[in-house]
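Form predicted on its own, single chain, as structure tokens, below.
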Amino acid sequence: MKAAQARTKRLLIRCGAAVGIAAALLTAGCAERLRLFEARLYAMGTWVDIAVFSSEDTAARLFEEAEAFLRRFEVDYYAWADGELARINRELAARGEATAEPAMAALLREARRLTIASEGAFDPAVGALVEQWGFHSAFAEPAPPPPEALDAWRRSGASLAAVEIDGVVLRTTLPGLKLDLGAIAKGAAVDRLVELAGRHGIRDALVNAGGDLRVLGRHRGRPWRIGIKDPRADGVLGVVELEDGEAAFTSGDYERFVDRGGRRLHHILDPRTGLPVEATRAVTVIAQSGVVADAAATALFVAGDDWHRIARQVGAEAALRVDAEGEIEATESMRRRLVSASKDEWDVIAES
């Protein structure tokens, strides 16, 4: 997730076939009955698309509130901005204790649970490691840290499991620990937007943050259909239908990487080794929340050949993995839901 920077804000809103650009107005001519309205916002370093079946006034209010929420969220939940997470990291570094807002504390408690359940395959306490690789900056080309820096990382014991979270108070004795919520914050944002739509009385909706998404209800009387991206080619590996409230999140090695001597050095780092994962190309997880799907996709990507066991421990019943050779594996739950892409159409593609 990237910090908010100076940029042109674009809110794309569509009703039927009409398209317009506005800050808070919907395209004229859409009827007050329930219609499909869509908005596009740039936040967290990606496009966030919101599609809802609602009245025009309800959609307008939702999109305005969604934009305000995302502007604050991308600052507060990004470790290298001037927001809440950055403040927590400064306080932990200075005195080993910090106080979080209730929503942040709740997310950190869930992240800690998933860190322990995944045996460290997912671990937000990788901020210092991400900095060493240069993946925290959109303007620098990532490069491997010196061997001695990686050795020091492996000895550091940095882990969210080593942070005590008592209500809204965080405590740690580990020096230099820095939290990075990049592998779970997008899930939290998507969940919050879906909840916001529900509070507006919207029953059918989709929130898609750069290919990571969650749905409400149905799409024109049928389930929302999601295509799972092929990590090495155009098109999809297959299609799944999501039930009301389900999320589909993907971790892949194709989103941000550099090629060094034929090796793909990408942004998904194994917290235990300090190195990019080489055994996996992509993982897609379907879960009942964006937070769990987001974190689980990262955990299973890092787990490699041990992904089935870790999937059970983090509660990822429906998961698909593409290994380093391009072989596709899936849990039984995912296999039952997967259909060939050539036999169906999809509403949106799940990708990293």
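Predicted, not measured: the structure shown is a model, and the values here were computed from it. Sequential numbering from 1, following the sequence displayed.
What follows is about the form predicted together with adenosine-5'-diphosphate (ADP), which we do not show.
Student: Is adenosine-5'-diphosphate (ADP) in the model of the complex near all of 230, 284 and 318, within 4.5 Å of a heavy atom of each?
Tutor: Looking in the model of the complex, the three residues 230, 284 and 318 all stay beyond 4.5 Å of adenosine-5'-diphosphate (ADP) (heavy atoms).
Student: Among 220 to 228, 192 to 200, 104 to 112, 123 to 131, which stretch has residues with heavy atoms no more than 4.5 Å from adenosine-5'-diphosphate (ADP) in the model of the complex?
Tutor: Partner-contacting stretch among the options: 123 to 131.
Student: Only one of 314, 59, 50, 302 gets a heavy atom within 4.5 Å of adenosine-5'-diphosphate (ADP) in the model of the complex. Which one?
Tutor: Checked against the cut-off, the match is 302.
Student: Which one, 163, 269, 98, 240, lies within 4.5 Å of adenosine-5'-diphosphate (ADP) in the model of the complex by heavy atoms?
Tutor: Filtering the options by heavy-atom distance leaves 269.
Student: Answer with yes or no whether residue 248 is in contact with adenosine-5'-diphosphate (ADP) in the model of the complex, where contact means some heavy atom within 4.5 Å.
Tutor: No, residue 248 is distant from the partner.
Student: Is residue 214 near adenosine-5'-diphosphate (ADP)? Define near as a heavy atom within 4.5 Å, in the model of the complex.
Tutor: Looking in the model of the complex, residue contacts with adenosine-5'-diphosphate (ADP) do not include residue 214, since no heavy atom lies within 4.5 Å.
Student: Just to confirm, residue 85 within 4.5 Å of adenosine-5'-diphosphate (ADP) in the model of the complex by heavy atoms?
Tutor: So residue 85 does not count as contacting adenosine-5'-diphosphate (ADP).
Student: How about residue 180: is it within 4.5 Å of adenosine-5'-diphosphate (ADP) in the model of the complex, going by heavy atoms?
Tutor: Yes - in the model of the complex, heavy atoms of residue 180 and adenosine-5'-diphosphate (ADP) come within 4.5 Å of each other.
Student: Which residues, if any, of 285 to 311 lie within 4.5 Å of adenosine-5'-diphosphate (ADP) in the model of the complex when only heavy atoms count?
Tutor: Residues within 4.5 Å: 294, 298, 302.
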